[in-house]
Each structure stands twice: as structure tokens, then as C-alpha cells.
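First, one chain by itself: the form predicted alone, in C-alpha cells.
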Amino acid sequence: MLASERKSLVIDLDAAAATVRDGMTIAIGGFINSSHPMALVRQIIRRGVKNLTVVGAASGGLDLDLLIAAGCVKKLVTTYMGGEHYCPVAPFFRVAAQRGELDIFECDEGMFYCALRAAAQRLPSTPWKAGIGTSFPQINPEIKVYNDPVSGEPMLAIPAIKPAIALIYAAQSDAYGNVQHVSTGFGDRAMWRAADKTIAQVERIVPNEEIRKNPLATSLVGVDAVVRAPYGSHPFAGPGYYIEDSDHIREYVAAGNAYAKSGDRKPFEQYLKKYILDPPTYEDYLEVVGIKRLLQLHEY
């Protein structure tokens, strides 16, 4: 089929966010302070989506904490939640976990990828030997201990985690869903394989000829939709484009800590209003951040 006959998969932020509905299981790619589809995350919050099961990155970042703070998350699947040196443990996650307000799928990183692999293989679970003798089966009753029918050895059955939608950040894509990351792509491929549908939010959309110049760089093929959002990972890093916005992240962490330490939610509500609820469009969000600040993030 000629490229001109293909159907463009490019959609806007509103259309992409509208696919996420109350009660869904969604996966959000990236890794701690890098490569999160934040333009989509903010739009989901603006839409008031609730009761999500969120499969975060194996090392989850403050993108997930923001969704928890906004009241979007019922259940969380991840192995770590924090912002590294900005905050060892994400503030709203910590409070919600301590109060029992959040259903947490406790697992380590190996179990996390086992759960996604089971979903990709259309299996109800997958066996895993590491973790035998630990307390994981006690603190997470969804993980079952059984004896392998061949060897008789004790094993863990890790249940499949099946996202309805994976939201992935990447550097670029053509209009037909051929996506290229800069750097590793972290665990995004595992999410893409496990999910029923994948939406890629990218810095730029390039001609198919540009993708075919370096086919080995293509990390995801045949995603279901592509969204163009320059600076779309902000305030987190976009590999190959910009570093993390330290000042912005510290502003969020300060708001979260005010709530975690004293129950004062006002600083977060101000943050939410300034950066998410008030800007009517994504471009307006970028204007709030400011072109000078955005350009400074190119200085490695």
C-alpha cells in the first residue's frame, strides 16, 4: 500500500484524553523524572476522570502522584513512587497509602514485568521464582504460591495486569503510528505489548521517509493513535529535547509536602488551578510556564 493511501492516526489531545473513561485500567510510560505523557495526564485531570487503575512505570514518578492528588486513581500498580532527590517518596501517594485510601498492587520490578508479560501473552498469570520466601504473597493476596506441576518447586503465580490503554511519551512518530524513542524507552515496550490500545504522545510528527531512514530506531509499531505535543513531558525530561524543570518539580513537591505534613491542601489547589484547570488549552499551559523557562531547559 502506498503511503498516500494510509490513514493518518494523528488526533488531538482532547480526542486522546476522551478515550480514558471512569474505572479503566491505563498504563502510563516513562521513568521517575523522565518521559511521561504529561500533556495527556493533565488533560485527563481536566476531564475529571475517576476510579482509574493506573499501571505506572516500574519506577513511578510524580506524574502518578499528581493523578492521585487530583482524585483520579483508585488502584495503583508500580514498584516505586517518588521523585529521587526531589522527594524520596511521593507526598500524596504516601498519605493515601498510609490512610488506606489507595488500593496498591505490591510487587517488585520483576513481578511488575511478569504481570505485563502475562497480559501480552493473553495468559491469566505467569510463573516467577524470585520472591519465594518473601512476604509479597502475604501483603499482595493477588500473588499466589503454588507447586510447579513438573518440578514440584514452589513458584509464584503473578496475575496478568491488562491495561485497556497505554499512554506513552516518545520523541517522534510518523502519522501512521511508527514511533521512535530517544534513549531506552524504559518499560514502554512492555506496556505497549500488554495494552489493548496504545496512544503515543510525541514531540514531533515526521514523514514516513524520516522513520525509514533508521528503521532500527523504531521502538513501537502500529500504535493506535498519535498526539503531537511539543514539550509534552514537561516538567519532566524529554530525552534529546530538554531536561527536567527542577524549579517546577520543587514547586509541586512543596505543595505536596504542605499537605503531607500539615494537611494543608491549599498550595496544591493553587498549583492545580494555575497549571491545569485555568489554562484552556495546552498551548496556554506552555505560556504559563513561559518561553524563557522552556528554552533554558535545552542547556545540558
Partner chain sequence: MTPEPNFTVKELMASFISHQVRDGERVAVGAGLHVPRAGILLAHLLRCPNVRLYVVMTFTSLLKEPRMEPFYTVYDNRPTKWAEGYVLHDDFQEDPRLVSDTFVVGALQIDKFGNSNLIGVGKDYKHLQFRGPGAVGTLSMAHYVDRYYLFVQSHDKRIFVDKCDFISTVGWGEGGADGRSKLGIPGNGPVYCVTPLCVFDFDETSKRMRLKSLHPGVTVEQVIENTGFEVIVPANVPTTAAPTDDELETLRGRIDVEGMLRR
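Numbering follows the first chain given and starts at 1. Every value quoted in this text rests on a predicted model; they were computed, and no experiment measured them.
There is another form of the same protein, the form predicted together with its partner chain; it is not shown, and what comes next is about it.
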| message | I'd like to check something about C114: if you look in the model of the complex, is any of its heavy atoms closer than or equal to 4.5 Å to a heavy atom of its partner chain? | response | yes
Q.
in the model of the complex, is there a heavy atom of its partner chain that lies within 4.5 Å of any heavy atom of Q43, even though the partner is absent here?
A. no
Next on the checklist: Just checking whether L9 would be counted as a contact of its partner chain in the model of the complex - the rule being heavy atoms within 4.5 angstroms.
Outcome noted: yes
Query raised in the report: Taking heavy atoms only, is V89 within 4.5 angstroms of its partner chain in the model of the complex?
Result: yes
Exactly one listed stretch (47-55, 234-242, 270-278, 63-71) reaches within 4.5 angstroms of its partner chain in the model of the complex by non-hydrogen atoms, and it is 234-242
In sequence order, the residues of 118-150 that place a heavy atom within 4.5 Å of its partner chain in the model of the complex are A120, Q121, R122, L123, W128, K129, A130, G131, I132, G133, T134, S135, F136, I139
